[in-house]
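The form predicted on its own is given below as one chain in structure tokens.
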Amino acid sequence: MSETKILNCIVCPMGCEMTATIEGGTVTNVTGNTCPRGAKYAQEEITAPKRMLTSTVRITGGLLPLLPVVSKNPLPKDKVLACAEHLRTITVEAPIAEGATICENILGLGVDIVASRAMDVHAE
């Protein structure tokens, strides 16, 4: 049984509206994309969607109470909330450099969470 799914490409600003044909859980055809990246995006979005995670973790001794963090690579979409919940359990200590690894291999997914800004020590 064949089904179609319409999706908008987010790879570039063109935002192509694409139609993907799916047979047995496999993408067999993609139309509407103006470049090969759109077809690849449609394939991944339908079979194994991924998202970047941006969040915060607690920081002690810093200028602010929370440190912004981001996943170094996209995570499986169905694991993003579990990863965000895990980040609520993490507290780091200032100073932290931008790009410093905050959580290595989060939930065993092979993706590191890194600081998206530096945080100096709060001078009292």
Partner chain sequence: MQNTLYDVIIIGGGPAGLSAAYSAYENGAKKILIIERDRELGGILQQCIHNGFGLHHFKEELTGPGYAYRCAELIKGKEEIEVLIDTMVLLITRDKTVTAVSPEHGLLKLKGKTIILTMGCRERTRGAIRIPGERPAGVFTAGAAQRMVNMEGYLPGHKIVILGSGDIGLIMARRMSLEGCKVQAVLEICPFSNGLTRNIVQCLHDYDIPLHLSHTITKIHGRDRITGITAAQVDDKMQPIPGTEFDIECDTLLLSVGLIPENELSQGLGLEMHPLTNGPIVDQRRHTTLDGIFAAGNVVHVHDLVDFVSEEAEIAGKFAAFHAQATHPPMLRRVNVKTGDGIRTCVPQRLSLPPAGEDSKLFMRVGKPERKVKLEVKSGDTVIMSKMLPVAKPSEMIAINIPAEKTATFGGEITVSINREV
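Because the structure is predicted, anything quoted here is derived from the model rather than measured. Numbering follows the first chain given and starts at 1.
Beyond the structure shown, there is the form predicted in complex with its partner chain, which is absent from this document and is the topic of what follows.
(message) Which residue, 12, 109, 22, 100, is the contact with its partner chain in the predicted bound form, using a 4.5 Å heavy atom cutoff?
(response) None of the others qualify; the residue that does is 12.
(request) Spell out, yes or no, whether the shortest heavy atom distance between residue 36 and its partner chain in the predicted bound form is within 4.5 Å. (result) No, residue 36 stays farther than 4.5 Å from its partner chain in the predicted bound form.
(message) Although the partner isn't part of this model, could you tell me whether residue 92 comes within 4.5 Å of its partner chain in the predicted bound form, counting any heavy atom of the residue?
(response) Heavy-atom contact with its partner chain at 4.5 Å: absent for residue 92.
(message) Under a 4.5 Å heavy atom criterion, is residue 30 part of the interface with its partner chain in the predicted bound form?
(response) Residue 30: no contact with its partner chain in the predicted bound form.
(message) So in the predicted bound form, is its partner chain close enough to residue 77 to count as touching (4.5 Å, heavy atoms)?
(response) Flag for residue 77 set to yes.
(request) Taking its partner chain as it sits in the predicted bound form, which residues of 34-57 have a non-hydrogen atom within 4.5 Å of it? Please list them. (result) 37, 41, 51, 52, 53, 54, 55, 56, in sequence order.
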